[in-house]
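Next up: just one chain, as structure tokens, the form predicted on its own.
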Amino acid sequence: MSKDAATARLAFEIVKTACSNCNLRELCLPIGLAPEELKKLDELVSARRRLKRGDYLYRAGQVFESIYAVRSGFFKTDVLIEDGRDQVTGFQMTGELLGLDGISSEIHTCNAIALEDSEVCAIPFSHLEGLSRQIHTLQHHFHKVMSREIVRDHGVMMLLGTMRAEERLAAFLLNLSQRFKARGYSPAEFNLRMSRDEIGSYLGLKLETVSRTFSHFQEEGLLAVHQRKIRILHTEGLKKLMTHQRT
């Protein structure tokens, strides 16, 4: 083997993802697979892809080929609406999947953009479908992932349709808190990767309403906010907002 070929081979092995050795596999892949099944998963994941903040993972209208497991970093998905504005449709973090929007039409229906330097594992969907038919545990897990996305979409519809601004922001922060906790991070203190304008777009609120609500939460002793750093001081107080109770 030539030196160039050996270098290329080494580079490939470095970027090749091994699901069996990944500490995120319990978040984005099923638990309890046999060693030979994990080996098949290792072969399924094609490569890691690194993105800088602001890079597009994929764009609306692009042909759908793969789904992506977020290995590190943070993403947002958005769509262009009729008046020319970008409408944020979701935020995805480590251990979550991107690209499911393209399954039905085989065309991506939204943009996926890195909110910070990030890394994803690319999983060719045609190969995933074939392997799912062989490994029922994987198929069941993928159905659960799809169901979770549907439930999340319904949750957003509830936010936009029935909740006041304070309830929407409280629900958003509590959801982030739970997701950070599931990944072993502090549920009470974290940095927001998204801007307040992006939060407003996602929650159906104007920028000034988001800023005013953050200020109100601080005044009520629910949060401590310094730029994008959030510290939840009164989790139960935020939860009470969700049940229309007074703190």
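Since we're looking at a predicted model, the values are computed, not measured. Just count from 1 along the sequence shown to find any residue number.
Not pictured, yet referred to below: the form predicted together with the DNA.
- The shortest heavy atom separation between residue 212 and the DNA in the predicted bound form is within 4.5 Å.
- Residue contact with the DNA in the predicted bound form: residue 195 places a heavy atom within 4.5 Å of it.
- The DNA is not drawn, but in the predicted bound form it has a heavy atom within 4.5 Å of residue 164.
- Contact between residue 204 and the DNA in the predicted bound form is found at the 4.5 Å heavy atom cutoff.
- Of the stretches 101 to 109, 164 to 172, 70 to 78, 83 to 91, only 164 to 172 has residues with a heavy atom within 4.5 Å of the DNA in the predicted bound form.
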